[in-house]
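Quick setup: one chain, the form predicted alone, written in structure tokens, and binding and motion questions come after.
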Amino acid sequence: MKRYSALELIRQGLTGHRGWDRVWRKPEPKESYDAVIIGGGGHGLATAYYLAKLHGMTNIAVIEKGWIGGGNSGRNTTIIRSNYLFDESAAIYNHALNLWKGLGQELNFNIMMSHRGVLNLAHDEGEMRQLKRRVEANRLNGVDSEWLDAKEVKNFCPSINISGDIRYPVLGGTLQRSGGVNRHDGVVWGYARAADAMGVDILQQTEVTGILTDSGQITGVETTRGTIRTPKVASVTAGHTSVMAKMLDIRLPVESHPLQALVSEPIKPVLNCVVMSNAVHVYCSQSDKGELVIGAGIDAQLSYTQRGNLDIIEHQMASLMELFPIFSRLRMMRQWGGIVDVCPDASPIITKTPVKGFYVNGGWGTGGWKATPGSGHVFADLIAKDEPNRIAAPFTMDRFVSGALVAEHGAAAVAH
């Protein structure tokens, strides 16, 4: 990678960076590929990277209708944790967390991974019992998790309000010290550069308009840049999973909802961890720029819009004031929304389908970002071998027939 002198950096800044070397190529589509991945977000690019690195499949294309990372990858709050309740969830999210720990070094790209810890607060006796149960389940699955009483919560996060006379007093909480946050575009760019270096074509501003089959077998895709032949198509289109499946008359048990977040004006460091609360329904962290990054739950209506309702923001602001009265005079700077696919059991779908050569990775609901490397790793395994591995097997579509659901509504916390 080219190194620039200080003078050259200044010159590039003044000329609009027109002289920067490209971090990845801008290829023309080939007539055919061994596999096509639809969706150029974190999961799609991670899938391409692991297909190339671990399975030797370098003649593949990632097709993105906009720009890479322009969907949910750029519209989330980047919280990383693996403290889910059930064995199946713990396996895939902890697999992802272990990959996160060394991902920046592996990709040789600064993803700004910060293992600052994630607090899940309890505000009543019932919630305390549920969270303590999750701590014990986490420990059995090798997930780092511990219970803190109210004073220990305050010691770990000094800015939080643990007064006993508030509407939802803090009685304690769980702490996953290895949890934290990272930089979403750094992850996307790191995966893109690494995949491109191994020969993967990244086709931006290219929309898939149809999926071609012959006798129940994938044969290619129609795009706005022409027809591409391929025996394998993998859909990784968070928010639009059901739209892609409908092209092949496959009906998936997912609903699409907006999920909003917003950031405050930047302030000096005051929040040293991620704080999440079910009862008051808000979560918050502080970015390296000093902004508070704030979110809550999904909008109730089904929608493909990236703009949500004001009442969600009003509710999460009131909730934030309950836990952090010191933030009451902060101004909010900007708001955004992503589109999330939600399954009935709040767990993802990682599956092959009745159409041979068509694979689906979606339905992550509000837990998609934290799973990014683990999702791409196991999905690449499925595409290459046509069978799910041990970690991915519980998340096939078969569970909606057998009834072996992985019901994670509680551990999904405030729906993120």
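Note that this is a predicted model, so its numbers are computed, not measured. All residue numbers refer to positions in the sequence shown, first residue = 1.
Heads up, the form predicted in complex with a small molecule isn't pictured, but that's what we're talking about next.
Novice: Is there a heavy atom of Lys65 lying 4.5 Å or less from a heavy atom of the small molecule in the predicted complex?
Specialist: Answer yes; at least one heavy atom of Lys65 falls within 4.5 Å of the small molecule in the predicted complex.
Novice: Evaluate Arg75 for contact with the small molecule in the predicted complex, applying a 4.5 angstroms cut-off between non-hydrogen atoms, and reply yes or no.
Specialist: The answer is yes: Arg75 has a heavy atom within 4.5 Å of the small molecule.
Novice: Would you check, heavy atoms only and a 4.5 Å threshold, whether Thr174 touches the small molecule in the predicted complex?
Specialist: No.
Novice: Determine whether any heavy atom of Trp369 comes within 4.5 Å of a heavy atom of the small molecule in the predicted complex, and answer yes or no.
Specialist: Contact check for Trp369: yes, within 4.5 Å of the small molecule in the predicted complex.
Novice: Taking the small molecule in the predicted complex as the reference, which of Ile79, Leu248, Leu271, Ala346 has a non-hydrogen atom within 4.5 Å?
Specialist: Filtering the options by heavy-atom distance leaves Ile79.
Novice: Answer with one of Leu85, Ile160, Ala261, Leu148: the residue that has a non-hydrogen atom within 4.5 Å of the small molecule in the predicted complex.
Specialist: Residue within 4.5 Å of the partner: Ala261.
Novice: Tell me which of 331-339, 192-200, 314-322, 107-115 has residues with heavy atoms within 4.5 angstroms of the small molecule in the predicted complex?
Specialist: Flagged stretch: 331-339.
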